[in-house]
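There is one chain below, alone, in structure tokens, taken in the form predicted alone.
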């Protein structure tokens, strides 16, 4: 490969620099939330994956404190839900959103956002899962451990220095940051999970659109033992306002994260926030004048709202902050990145394993980018509604969606259709492009949700009199070597999956003779109310061929 073929992220590589060569179906660059989830989900689908992360380990910062119930559905499917909950048994009071004069002041109240459920509310009407409250530095080691246990090759302390995006694959050069040793990697695909300032996105000349920078913030991390000074307040985000401090505060153990707005025109963050001032800010925020404070870090960052103009370029795909950034209100950013990973991972796995054609991957940008745009606009509106933050002039006003619809009701309308991008999941239509409705079932004496059935592959859910469709699914699966399972949902006599509450016909929108085909990310690919005829095998084979771009 000539030097002109390389998109360099560091001084131009040469063959003489390379110490070894390796191959992998998928190379993920970036080992934070989105990258680790991509590796985990790919491994769960049985695909080998290599991940390169320039830092020596997982995050040390307690970012993204909340993971919504849709994300926990994905963790449930990946087999890590219990481990995630065990790592962060963090209970909240009120809404979990605190407004206070200081963290220890009796003058406080719980913010009650108009579009959010309370911290004690659950999602049992739409999901078998619930939110999880834990910090990113606690979550990432759990994801890493489980991805490695499934066989993912995670290379921390390793950075991407160059790559070539060719029609037949991606050639990348990785460098060990400790030794300088370089490795050439021949990959089928490259996933850019390298953050908001993605070098990969920049090298591909992919622009972004959206409101842009909303404010400049200094993130100040300190260590201080608050003991019992919080007086039992349990919160995920605190908005503190007093003469000595105004900003957001998070407390994780003995670490306190202070988010303070500043103007770059006044100077660099390092100059504006020396250690002495950080100590003063921490004492003002906590309301403890003599608090013993150790300053750990000061990092400038920008609250930004932007979405990449495209999420794919040849064999390179953007996920997480590389694809979209949004204000932290609502914790939508990190969760949206995890949903990106789930959507992309099954497509990459099915194409790489020969179960689907390459055009299946075109659906990643087509499906995820519109949802990222909706979610970004909701995050901007949430920031204003929750915290009263003003937006730059020209920012379009957005009506807030209720949280349940935003998390569970987003849709991927099939190509050529004009269906809505968001529906109310409490009144699902069961149409293709929607998330499969949550219905409790009993299978082999085990209580499972319909949400649990797509964890290992595609699933066909037939009505009580639709056994012909389930048999056709099993036959097609055997013929194609495809992970596809058929179930008949009915009563004790009518099916292998007992509809515990009798809700499936209403929630699915199909007849007792019909069937619903669900993708490995939980979204409906096809449904019919027609009974299975003699040609059910051929009909279903044709549906799968169209869904998967397979011959």
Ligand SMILES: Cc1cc2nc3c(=O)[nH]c(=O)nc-3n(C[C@H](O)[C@H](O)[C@H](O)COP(=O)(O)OP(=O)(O)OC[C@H]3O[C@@H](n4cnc5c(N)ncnc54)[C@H](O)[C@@H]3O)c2cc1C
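These numbers come from a predicted model, not from an experiment. Numbering follows the first chain given and starts at 1.
Quick note: we don't show the form predicted in complex with the named molecule, though the next part is all about it.
- Proximity to the named molecule in the predicted bound form, defined as a heavy atom within 4.5 Å, singles out one entry of 328, 463, 437, 96, which is 328.
- Residue heavy atoms within 4.5 Å of the named molecule in the predicted bound form occur in exactly one stretch of 519-527, 502-510, 483-491, 46-54, and that stretch is 46-54.
- No residue in the set 138, 238 and 387 has a non-hydrogen atom no more than 4.5 Å from the named molecule in the predicted bound form.
- Interface residue remark: residue 360 is not counted as part of the site for the named molecule in the predicted bound form, having no heavy atom within 4.5 Å.
- The named molecule is not drawn, but in the predicted bound form it has a heavy atom within 4.5 Å of residue 194.
- By the criterion of a heavy atom within 4.5 Å, residue 402 is excluded from the residues contacting the named molecule in the predicted bound form.
- The named molecule in the predicted bound form comes within 4.5 Å of a heavy atom belonging to residue 259.
- Scanning 331-355 for heavy atoms within 4.5 Å of the named molecule in the predicted bound form gives 331, 332, 333, 334, 335 in sequence order.
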